[in-house]
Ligand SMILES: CCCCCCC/C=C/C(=O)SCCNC(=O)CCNC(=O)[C@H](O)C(C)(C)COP(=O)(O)OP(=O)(O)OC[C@H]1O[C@@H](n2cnc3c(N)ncnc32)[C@H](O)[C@@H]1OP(=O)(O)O
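Just the one chain here, the form predicted alone, laid out as structure tokens.
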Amino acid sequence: MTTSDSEFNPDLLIAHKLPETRYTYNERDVAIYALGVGACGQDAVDSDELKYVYHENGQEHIQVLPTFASLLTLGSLSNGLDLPGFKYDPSLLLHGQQYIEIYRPLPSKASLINKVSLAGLQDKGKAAILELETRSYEQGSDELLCMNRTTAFLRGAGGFSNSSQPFSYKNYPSNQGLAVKIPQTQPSAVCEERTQPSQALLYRLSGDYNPLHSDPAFAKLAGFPRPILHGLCTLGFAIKGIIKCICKGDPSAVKTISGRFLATVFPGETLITEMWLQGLRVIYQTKVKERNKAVLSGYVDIRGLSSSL
């Protein structure tokens, strides 16, 4: 139990304003992120992926993968939020889900202001589920660029509310980010990519420095035989594959991304992403080939198709 019942005031928690954060990035950051999620990792001159790391064919700016938006949430949870009547240990955090809405293509460099708010909190007894919403605007603009909703499972952080009526709050539609039902039919497309043994070390350069992904001793203390791959890195691989196979290589076609993390991935393993196109929604599931284990599932809503599959 993190706090006594008398300290916890639901109204105070819901009314609490979280501080704005700032995030500035440039083309180098965009390219490092793309390499971190496997761009050109199988083929250095991949015609679908070179545009994420190089000014291909004279293009003025490199293109930005929509999952780059997930970096805007870094730091909010890992540093420990100051929420009234609620405390948690950031080292015991497990990433559960990520939901992203992209309102316009991400620029290749920008200074952003992130408005962070509590989207949900549930007392599960021994653990808590915490959801943060981050709305990102370019500095000096009122136009919303993207929105992230991050769901974290916090071990040891439950028991902060009345046990007879555990606290449960959320302020977003229930149909967003739900677990998807994987079709039993043949997928519309399949993408297979091998991650590099150094993949987590490369991905961490984008700002997620949790030692669980780099330090063998820390990983063993957390119960893993060796460092694991970031969940958001796996998500980046999957969405990049969907853009290549379904969206004809056009990252601006992606409107909404929902991903649910099911199991761990170890750097060096091969990811197989199966995709089912249903109207303008792509249902997907990513498995580790070597263990035949599902590690990620979700959906992507797209703006349109240039031609039918």
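Heads up: residue numbers just count along the shown sequence, starting at 1. Rigid core here is just the name for the largest C-alpha set that superposes within 1.5 Å across the two forms. Since we're looking at a predicted model, the values are computed, not measured.
Omitted from view is the form predicted together with the ligand, to which the following refers.
Checking A119, L81, L202, L71 against the ligand in the model of the complex, a heavy atom within 4.5 Å turns up for just one residue: L81.
Site annotation in the model of the complex: the residue of S188, T151, S108, S136 reaching within 4.5 Å of the ligand with a heavy atom is T151. The ligand is not drawn, but in the model of the complex it has no heavy atom within 4.5 Å of K255. Residue contact check for G231: one or more of its heavy atoms lie within 4.5 Å of the ligand in the model of the complex. Taking the partner from the other structure, the ligand in the model of the complex has no heavy atom within 4.5 Å of any heavy atom of I32. In the model of the complex, the ligand lies within 4.5 Å of some heavy atom of F261. Residues L132, D208 and H213 are all found to lie within 4.5 Å of the ligand in the model of the complex, as judged by heavy atom distances. The stretch that touches the ligand in the model of the complex, counting heavy atoms within 4.5 Å, is 223 to 231, out of 193 to 201, 139 to 147, 223 to 231, 99 to 107. Relative to the superposed core, K126 undergoes a Cα shift of 2 Å or more between the shown form and the other one.
Here L144 does not count as shifted, since its C-alpha moves by less than 2 Å between the shown form and the other one after the core is aligned. A displacement of 2 angstroms or greater separates the C-alpha positions of P166 between the shown form and the other one, with the rigid core held in common.
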